[in-house]
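Shown below, as structure tokens, is a lone chain in the form predicted alone; questions about how it binds or moves come after it.
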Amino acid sequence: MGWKEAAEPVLTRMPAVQRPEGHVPFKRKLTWTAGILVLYFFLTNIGLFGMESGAGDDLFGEFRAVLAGEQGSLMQVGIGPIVTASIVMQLLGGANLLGLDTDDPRDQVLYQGLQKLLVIVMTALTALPMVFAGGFLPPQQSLTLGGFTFDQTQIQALMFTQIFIGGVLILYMDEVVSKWGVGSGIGLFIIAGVSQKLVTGFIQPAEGGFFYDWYRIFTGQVEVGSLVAGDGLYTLLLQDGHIIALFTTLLIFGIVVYAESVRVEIPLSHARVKGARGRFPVKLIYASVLPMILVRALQANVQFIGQILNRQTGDASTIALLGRELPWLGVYDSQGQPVSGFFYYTAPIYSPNDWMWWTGEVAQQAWMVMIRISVDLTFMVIGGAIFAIFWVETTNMGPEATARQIQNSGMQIPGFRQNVGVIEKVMERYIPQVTVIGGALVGILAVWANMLGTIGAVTGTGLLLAVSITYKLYEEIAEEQMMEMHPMMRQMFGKE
């Protein structure tokens, strides 16, 4: 008996959101999408029952724009487990270790069930160390509920249960949006988090707010001096949410929208209907920027491991294993941030304060900073290209799957025989190369935006994702409206 036969009774019985049997009206899709968005914001504002108020470090603080969620709330783990499970499934599928044919309906059900089970396992594995190791989510000393007094271990178990339920909820909220709404839940949650940070970065009436810091400079509360940290010129140019950050934010918006419009259009004609023509667009960012979620999630998991190891060493700043200090692995400062070693060099660049050593904000030497920048850039460029390839292959966007889709639609490439193999060879001239170039380009843009900073400190990756997902959402809404106005279009696109 193979693993598929053994696991089938479990995987096919995983709870799932039922697909709509017919066409879902556009207004109802918008209602479902808006409802899930409101529910998401509601859940991010529900604090963990039993957690010490105002305490705890956010392990994923620098990755929140990508992983969504909120520290100390039911949405503590965000979309992290979903993304991590997707990475594992893509790696296993890319290496063909699962033996699943996604064109087979039975294997499709097994694949989806396995991914859902993996998300649930990852939710538990992510929540366990957050609650029980290192004091990331410190519990209250005692708690009385309904006449029963909980000890600290029981309070931690209660907190773990809440985080686990929140992680499962976000999994099914994503599934509801994917099946009944517009776009995907993951994209929706990322847009919501990034937009909230962007607005806050502009209007917050405190230090770091764009308009507030300009007000302080105009009223003489901050003097315009040198580029040294703390002086007005540094604040104007380099601090999170100011001139360079505003310029970077606007430029990223423009570049992503432009890149989405750059494409190679392959002409198509209908094999039987004379005069029926079309085009198959191969965009510059063919795999979209969604593979960047996978790259950043992988980095987040590496840093997560470093934080756990650091917390296990007690008050010492150097990571220790089996009683031996290992400074090459990582040395941490009093704020729990790596300052040298493996975990420092593999930490992404988050803002100008991480690499502009001449401002006095960076304690490391220039050569250490340059190594960190090089590692981050290499990881994002190569990782972006690799995950873009995996993304294209696992989402049926590769040359072979695209050729089958064109063949099944009755279209062909003018001047070529109507044959799947011939169409596939034409697609192989464009799709693999554009996928790699697009993935690498997005990686470069993400690192560059992080280095210069963005409004609200949403990070370059978060901003790229928000702009690209919003653009895709706009295209999907336009398509839905067109199909709503012209019902025959639904049959042509196989939506009916």
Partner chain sequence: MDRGQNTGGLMSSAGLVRYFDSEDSNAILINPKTVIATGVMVGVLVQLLTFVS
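Residue numbers count along the first chain shown, from 1. This is a predicted model, so every value here is computed, not measured.
The next section is about a form of this same protein that is not shown, the form predicted together with its partner chain.
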| item | value |
| --- | --- |
| Contact check for Q18, L43 and F49 against its partner chain in the predicted complex, heavy atom at 4.5 Å | yes |
| Proximity to its partner chain in the predicted complex, single hit among M159, I319, V83, I349 (heavy atom within 4.5 Å) | V83 |
| Single option in G415, G323, P205, P105 placed near its partner chain in the predicted complex, where near means a heavy atom within 4.5 Å | P105 |
| Candidate stretches 252 to 260, 185 to 193, 327 to 335, 420 to 428, one within 4.5 Å of its partner chain in the predicted complex by heavy atom | 185 to 193 |
| is_contact(Q71, its partner chain) in the predicted complex, heavy atom dist at most 4.5 Å | no |
| Interface membership of Q481, its partner chain in the predicted complex, 4.5 Å heavy atom rule | no |
| L39 within 4.5 Å of its partner chain in the predicted complex, heavy atoms | yes |
| 4.5 Å heavy atom contact, L171 and its partner chain in the predicted complex | yes |
| Neighbours of its partner chain in the predicted complex among 277 to 292 [non-hydrogen atom within 4.5 angstroms] | R279, F280, P281, Y286, L290 |
